[in-house]
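Okay, so here's just one chain, in structure tokens, the form predicted alone.
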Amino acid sequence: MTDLTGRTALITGGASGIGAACARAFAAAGARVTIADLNGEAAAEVAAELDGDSWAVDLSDTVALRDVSLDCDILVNNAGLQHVAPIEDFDPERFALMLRVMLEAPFLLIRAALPHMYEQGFGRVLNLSSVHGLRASQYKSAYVAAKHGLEGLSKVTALEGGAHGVTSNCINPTYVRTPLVEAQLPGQAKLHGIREDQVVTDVMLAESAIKRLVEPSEVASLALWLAGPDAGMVTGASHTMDGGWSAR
């Protein structure tokens, strides 16, 4: 069992899905968790459940994040959003928004957390990437671009943080059973010309050897191990949880 007693963890997008699963796993291991989410009420509810803290924050407001200082031992960059459209129809404002939330905000939060991590000689940066950080799919230009950028940011963090006891890793799941994935079904059905009930099997699981969605608890289990003391030599890596998709 990973023991995080005495550690503090900040989890963005922590009010639901993967973020909430990570928060529950970390709290069960003894960490004090802070739930950061755009939905402040939902964040407060999860924080109350776990005897933690909440932070209602709009990660798209990157100007406001420039002056933030974080005293957390573990930073989980999990918050994200999705939009599917052909490049020629992709709204530039939506593209910019997605890059702010999923690439610029993680940079700013890492920047805010590293001084504390360096001072204490310990830190864990966990970036929730995706199989789309390693592969591409049609109609997801912003998401794929953001996740590919996050992969590079994570590696640079690993190189700079290594001498200070800080590790940085990406977790790369395929489609996870979350509200973010469920919200994609209508758009994917329309773009691919299929029924919504065909999207999971015909689109989302088409490249996977294992034909099922990933469960949030499975992602949280890997995140918990990466956050713990046994993963001190694991850094700068991309940990696939994609049912064999990237093996192709």
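Remember, predicted model here, so these are calculated numbers, not experimental data. The numbering used is simple: start at 1 and walk along the sequence shown.
Here the subject shifts to the form predicted together with a small molecule, a form of this protein not shown in this document.
In terms of contact with the small molecule in the model of the complex, the residue from 62, 39, 221, 208 that brings a heavy atom within 4.5 Å is 39. Only one of the listed residues (189, 57, 29, 44) places a non-hydrogen atom within 4.5 angstroms of the small molecule in the model of the complex, and that residue is 57.
When the small molecule is considered in the model of the complex, residue 18 lines it closely, a heavy atom lying within 4.5 Å. Although the partner is absent here, residue 130 is a contact residue: one of its heavy atoms lies within 4.5 angstroms of the small molecule in the model of the complex.
Though the partner is left out of this view, residue 173 does reach within 4.5 Å of the small molecule in the model of the complex, counting heavy atoms only. Contact check for residue 203: every heavy atom lies farther than 4.5 Å from the small molecule in the model of the complex.
Partner contacts here mean any heavy atom within 4.5 Å of the small molecule in the model of the complex, and among 67-75, 143-151, 84-92, 117-125 they occur only in 143-151.
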